[in-house]
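Just one chain follows, in the form predicted on its own, and it is written as structure tokens.
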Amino acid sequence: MCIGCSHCMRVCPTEAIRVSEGKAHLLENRCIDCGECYRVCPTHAITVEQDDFSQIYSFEYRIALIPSVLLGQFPDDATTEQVAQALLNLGFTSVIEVEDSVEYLIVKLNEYVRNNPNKPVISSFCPAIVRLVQVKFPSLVDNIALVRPPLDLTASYIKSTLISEGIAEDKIGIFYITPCAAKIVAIRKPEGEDKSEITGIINMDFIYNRILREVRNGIIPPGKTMFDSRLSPRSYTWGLTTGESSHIEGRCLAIDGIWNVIEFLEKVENEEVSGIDFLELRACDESCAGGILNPGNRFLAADAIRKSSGEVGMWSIDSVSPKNKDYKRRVGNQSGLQPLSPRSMLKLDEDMARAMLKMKRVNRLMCYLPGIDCGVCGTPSCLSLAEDIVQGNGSVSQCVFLQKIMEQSKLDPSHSFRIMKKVWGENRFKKDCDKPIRNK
């Protein structure tokens, strides 16, 4: 389905995409699963995998782990209880909110921020941001909070509770309904822990219509739901921008949108900002409400969640202490993450001496490349082309400007044409009046 339009290559914040043979190709070691490429692909050639829904029936206890942003996707007349009951009708045996562990997490995060000398502490909530720091800002890896996010804490708590009731672990299936691709990767290849307690992943855009159909068909009797929300108002808004930072002590900032985050982290890395204790960084605009798998409008979803935040469940401040004690008892020794490692995309070689030689060659190549980052070479920038060349994955002849110079000296025009076909594919140079329409 890919038409080699290069839209994805241009928006990727870590330059993880190249075009060759007329198709986009992913450099997996650079990818942070932010989903920016997914948003702009005009032919929907980029897809997000999920587990087979029928997998839930392999377990006797089938728990749907839902984020509050799922509830913000539905029209006002679809209640939280109806959404939960629809999930029960679809085959789950219980529904629990991801943010159930937030009140306990607030205590742990504040302790961590107070005691950690590396400031600002960077939230570990958004897995795309964790990987962004590892890939693009490796010097800031030690600033990431080694505290497990709500998704992992709640899953561990659920499993621990059921096992304590005498239920065998192999009978328990915990399925997360995700608004984004980054959390899928965080579950399948977790950073800072050996494995995830999540059994399977279901994309929110997949299950939304199935839930809505259950609600609209009137199958759910009023007042008959088995769902009892246990969230506090601040738990309910945790996945939104400022939902986390507004409950952490000290000077905190909340920044959403991957490019806004990158701009700010560059300032932090260059020591241009100081006196900040905590950074809530989210890859998506409006945080989880802007996840690429959300079917609804992010602004309407965020507004709906904020309006409903004080009306979920029977909650009072007196219920926090016993709940936190129960969390401490069950998952207190599982609330931390193992130290994280950088995986810098700028590493040219494992051997320092060879890496320095390659860096010198990159700098030398940049003297000749035009520096306008046009992307016609099939890479997102002149620097990325230079790095590809040094790594043996590219050629200086890919640059059309250098081709022109070589044509004037020794490069045959037909050879230049063959080079462009190698990058953009055979069909790119055939007459096709539909190309502008498709690309639009």
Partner chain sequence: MHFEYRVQGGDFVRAGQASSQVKKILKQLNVAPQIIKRVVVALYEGEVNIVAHAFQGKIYIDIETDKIRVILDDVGPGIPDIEMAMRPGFSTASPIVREMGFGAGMGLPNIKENTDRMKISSVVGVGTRLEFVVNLKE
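Residue numbers count along the first chain shown, from 1. These numbers come from a predicted model, not from an experiment. For the two forms, the rigid core is made up of the largest set of C-alpha atoms that agree within 1.5 Å on superposition.
If you look for the form predicted in complex with the partner chain, you will not find it shown, but the lines that follow are about it.
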**Item:** Position in contact with the partner chain when the complex is considered in the predicted complex, options 76, 170, 350, 165, heavy atoms within 4.5 Å
**Value:** 350
**Request:** Tell me, out of 269, 81, 326, 193, which residue has a non-hydrogen atom within 4.5 angstroms of the partner chain in the predicted complex.
**Result:** 269
**Prompt:** Okay, which stretch from 179-187, 104-112, 249-257, 360-368 lines the partner chain in the predicted complex, with non-hydrogen atoms inside 4.5 Å?
**Reply:** 360-368
**Item:** the partner chain contact in the predicted complex: residue 92, any heavy atom under 4.5 Å
**Value:** no
**Item:** Residue contact check: residue 138 to the partner chain in the predicted complex, 4.5 Å heavy atom
**Value:** yes
**4.5 Å heavy atom contact, residue 374 to the partner chain in the predicted complex** = no
**Prompt:** Looking at the partner-bound form in the predicted complex, is residue 387 within 4.5 Å of the partner chain by any heavy atom?
**Reply:** yes
**Prompt:** Does residue 146 count as moved between this form and the one not shown, where moved means a C-alpha shift of 2 angstroms or more after fitting the rigid core?
**Reply:** no
**Item:** Rigid-core frame, C-alpha of residue 162, shift of 2 angstroms or more between this form and the one not shown
**Value:** no
**Message:** On a rigid core superposition, would residue 366 pass a 2 Å threshold for CA movement between this form and the one not shown?
**Reply:** yes
